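In structure tokens, one chain follows: the form predicted on its own.
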Amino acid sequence: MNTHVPRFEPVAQQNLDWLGTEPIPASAYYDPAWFELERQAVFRRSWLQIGHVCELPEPGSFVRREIEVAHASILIVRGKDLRIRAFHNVCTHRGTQLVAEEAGRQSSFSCPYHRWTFSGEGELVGAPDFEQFHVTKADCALPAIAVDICAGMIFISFAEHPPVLREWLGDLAERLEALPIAKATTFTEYVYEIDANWKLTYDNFQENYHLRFIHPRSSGGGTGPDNPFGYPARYGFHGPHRTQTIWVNSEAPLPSTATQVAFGTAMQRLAAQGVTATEDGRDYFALFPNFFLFGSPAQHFSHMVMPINATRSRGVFRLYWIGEDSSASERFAREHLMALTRDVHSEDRGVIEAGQRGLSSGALRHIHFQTQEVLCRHLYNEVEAAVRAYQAETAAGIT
């Protein structure tokens, strides 16, 4: 009987030639002028994943998000009608920010300066001595921001007329809604700030070329003799978005006993809730411009990288769950799986920041992507296309 197992074959360059092979301008990863173009062309025009409906469980629930790249503070509120809305966190009297708390529940929002008060639907409901003003209350509603939901995930857009979210997500919308995140009721969160450009930070999680060198301890079943760099089994391209399917070494040594227990407990909990692995369980979904979601039901995490300035970013890891802990074992599983995620990220951080210091020195005119760093190239191509379109519109007086 033939027991030969075919060797792993990475995706061939000929299947990716349409993305190009040329070097990438290094200045795109540190130049403030290019970052300003990205700010206008990408982050003020795209749908941005900003939260999850489980954060707004009842009428009056709200969260505040600081979006430095848009120079904005945002309130996301569930109204009395259960609808989720997004507003600029700014009083329409003289601009004072309404809310300092990160999250909470309240029926109205009052400005600390002059006590103008707004409903959860954004209406001005009261203002001292308002008859002395020369406007109507309807003219003073909170400035709204486009908001939509897919798979329980809340997206906002600063664009005046953004595309329909599901159309923008394309064929990925239905796949996302089949994942556990669509039913999630809670999450564990890890927030960090890093001295690195958002693309440089994001790219670290789009390529596996570094696994062998940065993660020899934690890469586990992600590498093996037939695939020493842990290259993905396949890539997918979906307009501005992309996917990759991770390769798993079936002959990898078993993880630690604690990790086996954590994954086992998580899977038992999911099975009891009727959640099973899907065809997308080994896929990373990279949504343009700055959001990842891993389809694995046991370690179902997202990672968002938001720019602060040209060379500093904020990242948010979330591990999503369905239902509350019902035992110490389930609590252990959640904490252990998040600890694993943080451990892996801690191995990345130093080299990402070292890369930023090198690029910011101006020593390089270009950087180079190999075939299996194609997702990094695709992101740059999409960003550049958005910037060029914005520049063309600006030159034509369209924007």
Partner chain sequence: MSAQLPKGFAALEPFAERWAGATAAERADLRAAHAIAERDAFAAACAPLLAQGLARLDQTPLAEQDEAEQRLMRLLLTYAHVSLAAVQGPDEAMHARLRTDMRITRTPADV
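Everything numeric in this text was worked out from a predicted model, so none of it was measured. Residue numbers count along the first chain shown, from 1.
The next section is about a form of this same protein that is not shown, the form predicted together with the partner chain.
- Although the partner is absent from the chain shown here, Phe187, Ala258 and Ser327 each have a heavy atom within 4.5 Å of the partner chain in the predicted complex.
- Partner contacts here mean any heavy atom within 4.5 Å of the partner chain in the predicted complex, and among 355-363, 334-342, 40-48, 370-378 they occur only in 334-342.
- Taking the partner from the other structure, the partner chain in the predicted complex has no heavy atom within 4.5 Å of any heavy atom of Lys80.
- The partner chain in the predicted complex is not approached by Asn249, whose heavy atoms all lie more than 4.5 angstroms from it.
- A residue is said to contact a partner when one of its heavy atoms sits within 4.5 Å of a partner heavy atom; Gly350 meets this definition for the partner chain in the predicted complex.
- Residue contact with the partner chain in the predicted complex: Trp168 places no heavy atom within 4.5 Å of it.
- A single residue from the set Phe317, Tyr209, Tyr235, Phe292 has any heavy atom within 4.5 angstroms of the partner chain in the predicted complex; that residue is Phe317.
- Proximity to the partner chain in the predicted complex, defined as a heavy atom within 4.5 Å, singles out one entry of Tyr192, Phe263, Phe301, Phe229, which is Tyr192.
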